[in-house]
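In the block that follows, a single chain appears as structure tokens, in the form predicted on its own.
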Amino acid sequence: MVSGDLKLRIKNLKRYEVSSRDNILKEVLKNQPVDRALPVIDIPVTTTPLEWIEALKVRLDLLHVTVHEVTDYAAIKTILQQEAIPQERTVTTIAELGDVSVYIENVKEDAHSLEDVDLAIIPAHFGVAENGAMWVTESLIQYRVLPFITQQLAIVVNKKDIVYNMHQAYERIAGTQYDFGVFIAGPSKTADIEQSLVLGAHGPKGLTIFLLD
């Protein structure tokens, strides 16, 4: 049984802890830094969109990404059919490719049904030349898990939708609300163990980019 004296000490200690916390928070609130305007970042871009495409291809090569320049979806279909492996499960969220893979809007199951996908083909809103990143949102992929659970990932992006750097990228997405969005740059990789590069450590083992005219 706890004595009355001990109960009183515990009560006073709790009161002291609450009081100390409140005092600390009050002092923090009184000593806030002065608000300052965000800096204006104006980095002039002197290169042309055609040069951005070349810069993007160089960056993607460094990221171990396979790149195909194609003129239309028919060319993408031809490449997919040439590289297809029997019995592999391929899904897409691009209606134009629904006849060479399972169009995912026709998959009336939950995300768990995607656990055995071998290749997922998705579109991107745009790509970034300086780092090879592709901006993808949930509206384009239907299931958030799709680009990460698949064994191989292919992304289709229009050349006209390539921006030069991340400043332009953030200008492009500013003011728009997204439930989910992600920049994807290359297959997952790690070199933590013995400095040996391993691709597909925690996501797709390979990434292919289709640059569409």
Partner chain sequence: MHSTITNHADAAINFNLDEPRVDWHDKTLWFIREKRDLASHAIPEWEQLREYASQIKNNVLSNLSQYLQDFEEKAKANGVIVHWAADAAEHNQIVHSILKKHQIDRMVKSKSMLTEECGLNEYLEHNGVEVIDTDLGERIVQLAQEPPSHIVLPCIHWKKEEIGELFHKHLGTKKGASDPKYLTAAAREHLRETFLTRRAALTGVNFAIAETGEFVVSTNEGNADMGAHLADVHIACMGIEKIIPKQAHLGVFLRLLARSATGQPITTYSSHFKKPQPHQEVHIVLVDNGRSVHLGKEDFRNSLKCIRCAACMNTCPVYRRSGGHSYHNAVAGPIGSILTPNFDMRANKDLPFASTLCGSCSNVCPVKIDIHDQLYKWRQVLMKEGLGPTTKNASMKMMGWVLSKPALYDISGKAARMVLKYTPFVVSNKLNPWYKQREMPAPPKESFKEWYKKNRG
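Take the two forms, superpose them, and find the largest set of C-alpha atoms that agree within 1.5 Å; that set is the rigid core. Bear in mind that the values here come from a model prediction, so they are computed numbers and not experimental data. Residue numbers count along the first chain shown, from 1.
Keep in mind that the form predicted together with its partner chain is not shown, yet the notes after this line are about it.
Heavy atoms within 4.5 Å of its partner chain in the predicted bound form are found in exactly one of 129 to 137, 67 to 75, 80 to 88, 96 to 104, that being 129 to 137. The closest non-hydrogen atom of Arg36 lies within 4.5 Å of its partner chain in the predicted bound form.
Its partner chain is not shown here, but in the predicted bound form it comes within 4.5 Å of a heavy atom of Asn31. In the predicted bound form, none of the heavy atoms of Lys159 sits within 4.5 Å of a heavy atom of its partner chain.
Its partner chain is not drawn, but in the predicted bound form it has no heavy atom within 4.5 Å of Lys57. Applying a 4.5 Å heavy atom cutoff to its partner chain in the predicted bound form picks out Tyr178, Asp179, Phe180, Gly181, Val182, Phe183, Ile184, Ala185, Gly186, Pro187, Ser188, Lys189, Thr190, Asp192, Ile193, Glu194, Gln195, Ser196 from 177 to 196, in order along the sequence. Once both forms are overlaid on the rigid core, the distance between the two CA positions of Leu50 between the shown form and the other one is under 2 angstroms. For Glu171, a C-alpha deviation below 2 angstroms is recorded between the shown form and the other one after rigid-core alignment. Annotation for Lys26: C-alpha shift of 2 angstroms or more between the shown form and the other one, rigid core superposed.
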